[in-house]
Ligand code: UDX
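In structure tokens, the next block holds one chain alone, the form predicted alone.
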């Protein structure tokens, strides 16, 4: 850590999942932050202390720094651009229908910075962008000093990750940019060795490499789980065996119905498309995508086969967000599973601790779907329970109560959250992923 903390005036462009968390973490560490977003309704709510996203620890920080006037939300970049020390671009980079990354929001943000600045500005590119973006922007806007610094925030623990970063990437060949990061992060719990300087293209690619590497681990363990189910092997034992190998480790080796969210699927499609523009085919990355796509279908087929002769097909679904501790439904495996089950004639009663509002809006016109406000309401009189997201409250639910609530004692555990032996002892018909039934 560095001493003699210097407070900076910082602008964060974008108040989404990344921009808002980034802004609040810098405010928490002593900087004055202006967060700019073009969504007036979102800005109004944020100024009232109401966040549009759920993230543990976020709203208390929001209320604290609004009260202390350390963070400000606005739609007008022109009000603060001249007095800012640094501008962080954290706008969205969605994929086009063909999979290639859409940089229109990044380009628009940088163009606006350039048009409003009367003196050179330092701009940190925090948005996920393909290799070469820094270079092309530098040629187009020579008065702006660009630094590529991708974020590595995990949804569900983004505030913690923002305040306690494992590493910081400084994508620039200029020594003064390394010093700038040392100033920006001098009050964070981070050592100088955790700030890594590299060329911009390497910095940009590092984000894709990290996400796709983790996604590949998930798809690999899911492929092993399929072999387990056909041979009687137990994926939990496989995970333990390979997880103790120091070359592999135990993270991202949980078998289930596949990954989702805003990062892994988007970044995989973007890199496949980017590689194609270079006349390169990423066979392993493509296989990761295909394995993930088929995993949820295989799980859904288990449910369909079990109920093929049943007149009653009423299922309770616990969980919908792509992972626990977030309300994010983007690319969630639950949505693919719900679509499959509805097409197969099932009626669904869905409960998620944080995504109730989004689910109600998404399925308001679907007569096969009901949204419950508690886990208990969802399972009452259902023919079976399907666990889709591993929220902690599901693992601690009274299984005796669950058994008495269901019409049939059938559980499909898509996240291997429950203990097979305990479920057997309680008399459940229990199905999981890659473990003997």
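All of these numbers come straight from a predicted model, not from anything done at the bench. Residue numbers count along the first chain shown, from 1.
This protein has a second form, the form predicted together with the named molecule, left out of what is shown; the following refers to that one.
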{"property": "4.5 Å heavy atom contact, residue 264 to the named molecule in the predicted bound form", "result": "yes"}
{"property": "Contact flag, residue 253 vs the named molecule in the predicted bound form, heavy atom cut 4.5 Å", "result": "yes"}
{"property": "Exercise: residue 211 in contact with the named molecule in the predicted bound form, heavy atom 4.5 Å", "result": "yes"}
{"property": "Residue 80, heavy atom within 4.5 angstroms of the named molecule in the predicted bound form", "result": "no"}
{"property": "Options 69-77, 318-326, 86-94, 130-138; stretch whose heavy atom lies within 4.5 Å of the named molecule in the predicted bound form", "result": "318-326"}
{"property": "Answer option from 313, 154, 304, 226, heavy atom within 4.5 Å of the named molecule in the predicted bound form", "result": "154"}
{"property": "Sequence-ordered residues of 255-289 touching the named molecule in the predicted bound form, heavy atom within 4.5 Å", "result": "258, 259, 260, 263, 264"}
